[in-house]
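Structure 1 and structure 2 below are two forms of the same protein chain, each written out on its own as structure tokens.
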Structure 1
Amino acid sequence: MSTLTISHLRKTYGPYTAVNDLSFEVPEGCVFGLLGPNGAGKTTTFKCMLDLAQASSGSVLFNGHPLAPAAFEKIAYVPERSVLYDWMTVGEHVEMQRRAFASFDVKAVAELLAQFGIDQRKKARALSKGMRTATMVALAIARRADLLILDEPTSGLDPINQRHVLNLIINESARGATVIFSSHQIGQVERAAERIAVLDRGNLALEGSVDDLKAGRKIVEAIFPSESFSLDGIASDARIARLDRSGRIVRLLVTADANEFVTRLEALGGAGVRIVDLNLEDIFLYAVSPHDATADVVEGAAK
């Protein structure tokens, strides 16, 4: 059992609200992706989940109970920044984990580190950023935890090792563990995650299953004979999440049956009406405020 329930979580730092009234649930065995521009509150949320930051209000329940020290045996956490000790070798980190956690699988960690091409005799300070991430991921996977909280677990890794980390996440889920992870690489979240939450400036902008979000959100586009077309009865429809009108073209982001809007736009004289599928990146960009989204995607692509 490893269900995570977050209710009305709020975290403020002085006048700054990092996380505002956040509620969602991560079901047992689920791979859950946490998305959001930089500064959206992802890392703060992770820290509050683990009691590394004291929530200002709200609660995080693990299997229905507040986090107790005994639960830490079953939770593995990979923080965004390296927590490896520079002066210690990778092997010494392995030994430290082995002593700390009864379920730690020494054989598995040796295999994982070898797969990443990491020499256990190396000091942490000699590892690249990506190899530090890989080391922390390997240590976390070898814990055989019930719940894995991974803050940017593919950060700094090359595409081959990124794919390897995704498959490790999938493998953890297949053996029944619950995984919650964040990434700026939306394509990775789209592959590995069953459910996602999008944070925007500390607020929950979107939450749900990736399949449902894709199935339930379509763009319906139409071209009208002149620029002075009327959208009577459509513009005010609550199921239109967004309406972009430019010259003779109208694009609707609909959260309902797209076919209905095709019929209605055609009835109003729209031609060339078509339905456009949205991928997770499109859905993400529509969910967050435009300025943040642009900045984030540029930075995410550069990583």
Structure 2
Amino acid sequence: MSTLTISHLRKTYGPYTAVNDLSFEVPEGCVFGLLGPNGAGKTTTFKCMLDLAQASSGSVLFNGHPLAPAAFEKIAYVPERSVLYDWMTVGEHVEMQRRAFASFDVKAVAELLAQFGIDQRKKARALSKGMRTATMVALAIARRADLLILDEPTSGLDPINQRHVLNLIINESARGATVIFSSHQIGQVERAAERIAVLDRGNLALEGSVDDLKAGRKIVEAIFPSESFSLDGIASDARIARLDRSGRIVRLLVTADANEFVTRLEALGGAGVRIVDLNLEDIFLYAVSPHDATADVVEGAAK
């Protein structure tokens, strides 16, 4: 069952298209990572999900139904920018949430705020950017919502509290909640997310299970004695999805038969040839800039 279904979502601002024909599904109980460069359309997508921005076309369905006011009892949202009221204390924000949402857990939020080192007596204006983010995350987690939409939920946090937020995200999924979050730090998404979507200039560049996206692809690296070496047609092999060449180093992104390319590179004089597992950063970079990554090196490979 899909908690969230986005179909052909499009959002324009005058002549500018922020999101273009976006479609994907988020399964129930999944941690779903939304990746993309700055300006890719991640925040706009979140706003359109929640009717904070009116989509130009397309649809967003929650459990098969359009968004309705009653659904907000079960949806928690943490925007990229702070929405805390500067003149209110953290404790007053807690009380406001308690009155607004029937499932809000006061004990849980007190524990979470304490773990982040946040004094509930402090006014929001006295909090650092990171502590504002942590407060909003704590308030959202304490909602016990079925769906959490988190836009850059580790922004401004130190590494320890970033890890704490990631653990909270994973724990929410373990209790059955669905979590959609964005992050500029690919390592965070790789640690927490089961599925990802990569946006590039408003378009869906890639979507799927992290494990499936990694499966069947490997990186083969080699170092040659000098910069003047031939790859003997390897660049034109259909099994090469990407080729990077920098000085004496060559990296091949191969879709099949990695061991064969190890043998071929060794035969051409490559040393220290090794097979490296694909990581999410490689997947991301290939999705958003495949031509930039390969154009210059393919020409060099023909030498």
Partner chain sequence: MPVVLTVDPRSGVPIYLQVIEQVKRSVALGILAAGEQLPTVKQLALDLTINPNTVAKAYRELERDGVIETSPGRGSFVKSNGVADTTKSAARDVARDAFDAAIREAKSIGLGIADVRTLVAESISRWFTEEL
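Everything numeric here is computed off the predicted structure, so don't read it as measured data. Just so we're on the same page, rigid core means the largest C-alpha set that superposes within 1.5 Å between forms. Please note that residue numbering is based on structure 1, beginning with 1 at the start of its sequence.
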Selected structure - the one that is the form predicted alone
2
Core-superposed comparison between structure 1 and structure 2, Ala110 Cα displacement 2 Å or beyond:
no
Taking the rigid core as reference, does Gly91 move its C-alpha 2 Å or further between structure 1 and structure 2?
no
If we fit on the core, is the Cα of Leu204 displaced 2 Å or more between structure 1 and structure 2?
no
After superposing on the rigid core, how many Å does the CA of Arg251 move between structure 1 and structure 2?
5.9
